[in-house]
Structures are given as C-alpha cells and as structure tokens.
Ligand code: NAD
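The chain that follows stands alone, in the form predicted on its own, written as structure tokens.
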C-alpha cells in the first residue's frame, strides 16, 4: 500500500501535484535541485536522500537525461518494493531501459506522462497515459487517482510515452492549422473570434480551436504553463518513432521554424502565431 509519496521536480506540474496528493491524505515530500522551488513548496525537503524515504516517487522532470540521472541516484539506495512513477514526457527507449534496470532490483517503474497542464494538475483533472508491467500499472493507479480525471492503460513499458508523444505531435499540427485558418479568415475580412467560435461548432473543430484559442491565444494570455521548447522536444521525440508520414514531417519542420522565431521559454501556443501573424 502506498502511503508515503515523494514528488521529484517541483515546477509548474510537480508543485500542484504535491499539493493534490497532500490534500488526498498522503504523506508527501518534495524535492527540487532549485532552492527557490523548494522554498515555495511546504512539503519540500533539503536533500534528495530524504525524499527517497517513500513508498513511491513521482517524477516530474524536463527530459530523459534528467530522468535517467535521478533514477540512477534513486536506484543506488532503493529498497525493493519502491514504485517510481514518471510523469515526465520522455524517450520511450530510455524509459524501457530504466524499467528493466528497476525491475532487476525489485523496483517498479511506470511511464505515466500527463496531459492537462498546470491547471489540470491543481484541480486533479489530468489525463494520464500509463505504461509498464501490469502489476506496476495497477499499483500506480492508486497513486495517480488524486491527480487524474482518467488513467488510460496504454500497455507495456514505454507505451504511455509513445501515446503522449503522438498526442503532442497532433496537438502541434492542430495549433499550426488553427493559425493558418485564422490567417485565411482575416484575409477574407473575418473577425478572428467570430471565426474561431464558428469553427469550434463545426466538423473541423479540434482541441486547439475549442480550448487553446479562447484560453491562451485570442485573449493574449499565453500562460498555459507549457513552453514551446518542451513542445519542440516532444515533437522531436515523436519524429524518431517508426511510421512518420509527410504531414508529421511537415509539422516537425514548422515547429522548428517557430522555435527559430520565438524563444523556447515562450508558451507553446505561440505555434498559432507562427502560422497566423507576420513576424
């Protein structure tokens, strides 16, 4: 039974996840290499070793290199029975290697990338894409329940990350197409808000049009909590999967062009602007 949980990585996603887990009655600790993030989190401990005294570790980290480093450090002293739940969006091949290493030590490891952003984390409404050994996936469900509106069982090791990468590739394509649609509409004299509302009611609608345009683009907010650099990383990982087609390849090229135009720290919804507004 999982009662003590440590969240490793207290950024835009990790910090609200720690708060949700604490609110659900679990004993929570958090750790981040950044002292300012530790100071901002009531559950943070000062040393990584302190966070390892837990039944489960939830990782919320920026890329596979960091996940690999943190996991290696955790496995160096981990007790059998520990469960590592990696909510980062990572390279499936790296994930499979880590899961094999963990299993050899009697440690569970699941890939559990999430969709829903910082707001979804704070409200416990994340969509979790779960991959790993069947027993580990079952154990992880109890840990993830306070964070999620749904936990999708995607299959074996790395399957959750494959699904998440394909999702983010599609999301990028939809944002770029939404930008082109706004550009076409304005060229014909249509108001952007009016066009977006009409498209959201039609068969060509997408999450980008229904949710992203009103929440972060048309109002000028650009504050979703997910950066263009991270989306570019995910699209690059998706491009390494087998079966890449011409439309996906074109999306990869357009995302790269957007990153050349906007800073990686900008909101990922700038992909709409990359296809809509002139530089």
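None of the values given here were measured: they were computed from a predicted structure. Positions refer to the first chain, counted from 1.
Just so you know, the form predicted in complex with nicotinamide-adenine-dinucleotide (NAD) exists too; it's not on screen, but the next bit is about it.
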- request: May I ask whether 11, 88 and 114 all come within 4.5 angstroms of nicotinamide-adenine-dinucleotide (NAD) in the model of the complex, judged by heavy atoms?
  value: yes
task: Consider the chain as shown here, without its partner, and state which of 61, 57, 217, 28 has a heavy atom within 4.5 Å of nicotinamide-adenine-dinucleotide (NAD) in the model of the complex.
output: 61
- request: May I ask you to state whether residue 221 is within 4.5 Å of nicotinamide-adenine-dinucleotide (NAD) in the model of the complex, using heavy atom distances?
  value: no
- request: Answer yes if any heavy atom of residue 39 is within 4.5 Å of a heavy atom of nicotinamide-adenine-dinucleotide (NAD) in the model of the complex; otherwise answer no.
  value: no
message: Considering non-hydrogen atoms and a 4.5 Å limit, does nicotinamide-adenine-dinucleotide (NAD) approach residue 70 in the model of the complex?
response: yes
field: Distance check, residue 118 to nicotinamide-adenine-dinucleotide (NAD) in the model of the complex, heavy atom within 4.5 Å
entry: yes
- prompt: If contact means any heavy atom within 4.5 Å, which of 243 to 251, 39 to 47, 207 to 215, 228 to 236 contacts nicotinamide-adenine-dinucleotide (NAD) in the model of the complex?
  reply: 228 to 236
query: Taking nicotinamide-adenine-dinucleotide (NAD) in the model of the complex, which residues along 15 to 53 bring a heavy atom to within 4.5 Å of it?
result: 31, 32, 33, 34, 37
